Structure formats: C-alpha cells, structure tokens
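This document opens with one chain alone, in structure tokens, the form predicted alone.
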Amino acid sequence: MRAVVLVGGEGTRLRPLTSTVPKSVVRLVDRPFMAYMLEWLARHGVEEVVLACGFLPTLLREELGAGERFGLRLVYVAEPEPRGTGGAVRFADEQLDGGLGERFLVLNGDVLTDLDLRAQIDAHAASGASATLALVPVEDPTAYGLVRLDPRGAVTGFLEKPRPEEIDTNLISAGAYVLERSVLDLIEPDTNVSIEREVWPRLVGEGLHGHAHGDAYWLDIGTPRRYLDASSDILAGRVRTAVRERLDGHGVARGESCEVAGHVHGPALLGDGCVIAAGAVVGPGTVLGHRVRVEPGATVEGAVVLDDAVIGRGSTVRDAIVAPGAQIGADCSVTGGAIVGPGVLLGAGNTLDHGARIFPGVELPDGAIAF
C-alpha cells in the first residue's frame, strides 16, 4: 500500500526553529521528526511513501534519502504552487506511474502518533467505505472540530469549535485517512482544494466513515509547546518509538565521546560529543543535540538544546528551545517556551520568557532583554 504524507507547510508556528529548514526534518529528540512517521508507517506494512512537498523540498530529500533506512521507498513530489491538502493528493496521483492505486493512505505530516493503522485499514475494508478518518478522543473538545458518527461508524456531520452545550462527542480527526480511488474524482486537477473543508462534507452520507482509536497517542507538534511536549513524551515512553531502547537504567542515553563532569538526571538524551561541565545540571525531560556544551553552574531542564549550541556559565534554560549553533551567554535565563533561533548570540545577563522568540543570526549585547 502507498501512503501520501502532506509536508508542504512552512511550519510558521514553529519559527524560528523552522526558519531555515522544513518542519519535517527538525530534530525531535534524536532524529528528524518525519523519521517517526516513516518508522510508524513501515511497521504497518506500508512499502512506499509519497512526500507531497512544498517548502524547501531539496533539504527534505537530503535528510531522508530514498527511504532504505526506514524499510520503505520514498518518492518526492514538489507542488509548483500551493494546492491545499486535496489538491496535493490529486497532484501526487498525477505524477506517479499508475497513480496512487485503488486504495491508499493520506496523512498529515505534522502528527506524532502510534495509532493502529492496520486496524483502521481493516475496518475501512469491512465497511465498504469510500474514505475512513482516524479519530481520537480529546479532553477539551471546544478547541477542535468534532466528528459525529452513527452507530455503524458512518460520519453524520462535523462541528467546528463547539460551545459546551453543543458537545455530544469528543472525537476529532487525527489526520490519517484511508481512501478509495473514487475520492480523487471529487478533486479538480490543478486547483487549490482542502480535503477537510471541501471533500469530506460532500462524502457525508456517501461513504465517509470514521474509526475511533481510543488508546492511541496523538499529538500535532506544530507549536513550540507541543514540540516540547512531544520531546518529553518520547523520553518518558508515552508514545511508542525506538528512543526508549537507548535509555540506560538511569533513564539517560549518551552519545559517543560525551564528557560529563556535572549531573544528568533522566529521562534525558545527550548527543555525540556533549560536554557537561562540573557544577552543571541537566534535568529530566532534556534533549541535547550533538556537541552541545553546558558550562559550569548552568542548568538545563525540560528543554531542547540542538547541535553545537552553548549554554553559558550560570545560565538557566528551562521549558525552552535553543536552536543549532546558538550561544547563550553567562547568567542568562531562557524559560517559559522561549525559542532562541539558529546562530543567535545572546549576551550575558539576558532574560527570555513568555514564549519570546529570537530569530536566526541575531546578536544581542549583555543585558539587552528582560522579557
């Protein structure tokens, strides 16, 4: 079976982390984010994945290659202009010899999940549906578009961001669809079409079904908060990935040639060549990329610090993201979902909080910001 993964977005909500690279190849713990989805698809018997690309497709290809290391084949299709989710699927079908086939998968490329795709495919085949949406329950349905089902699993309607008194289900779309080829007939070629807003409503009562995954992990990592949550959840084993196999008895994974004179408390992951100086503390829920240096007296906790970054003497990085090559000066505080972009030089004594974002290449002098 083939799968189309929609990776055409620019990841604007994650900037500056995505200012220079596609969201799909941003590091999530120890591998590009898209690697988790490809490994998940391979576990469910998918043999070929079509990546419907938009933003910086060459970087995507350079990072992921032809797919051998994931146990499948990757095909890259770059849209000439944005065509929406439905238009991207139709365009991908037109670019492949023989098209996508009679039955195929379509997936939102922003999602980290371990839901049981095989169960959904089997339910789709048994129901005779034209399309089957993966559905997951959420605690607060008011923030989402809800999907209503009848007792047979057929979709009866959608309810966008309902008021509390309107809520009669807690199921939302998980961005994973099983489609029959007939669905493509509803999408005009060379047009911008939303499969969610324009195609699914037309299929209500005409073969649109939903499959509820009650115990699956599911998270859209499109925001800094969710990116940090995903990192923490992977380390804690709340989602099924290969990362947990790397952790030792103390919950710590260390890359090669690490120098650790300070303290590291798991669950945490250190990339190759990290240096944790005496008096430094790396706390639970932390990911350090390759060649990260944490200087004496610094504390990093519940944070992601990517390749070649430096955390200066006495500084605190907590619940925040430090992009590749950034340098945090002495006695700084970077907390509260702040993001320090690639190559940023943050002088001593600066304070970033409340989701502050510093974009790539910026140099800030000592004491310039108290946000």
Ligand code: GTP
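In this text, residue numbers run from 1 along the sequence as written. All of these numbers come straight from a predicted model, not from anything done at the bench. Take the two forms, superpose them, and find the largest set of C-alpha atoms that agree within 1.5 Å; that set is the rigid core.
Beyond the structure shown, there is the form predicted together with the named molecule, which is absent from this document and is the topic of what follows.
Within 4.5 Å of the named molecule in the predicted complex, a heavy atom is found for not a single one of Thr132, Val147 and His211. From the list 147 to 155, 199 to 207, 80 to 88, 292 to 300, the contact stretch for the named molecule in the predicted complex under a 4.5 Å heavy atom rule is 80 to 88. This chain lacks the partner; the member of Asn108, Ser232, Thr113, Ser173 within 4.5 angstroms of the named molecule in the predicted complex by a non-hydrogen atom is Asn108. Taking Ala52, Ala320, Leu346, Ala323 one by one, only a single residue has any non-hydrogen atom within 4.5 Å of the named molecule in the predicted complex, and it is Ala52.
None of the heavy atoms of Ala3 is located within 4.5 Å of the named molecule in the predicted complex. The named molecule is not drawn, but in the predicted complex it has a heavy atom within 4.5 Å of Gly9. The partner is not shown here, but in the predicted complex the stretch 13 to 27 reaches within 4.5 angstroms of the named molecule through a heavy atom at Arg13, Lys23. When two forms of a protein are overlaid on their rigid core, residues whose CA moves 2 Å or more are considered shifted, and Ala143 is one of them between this form and the one not shown.
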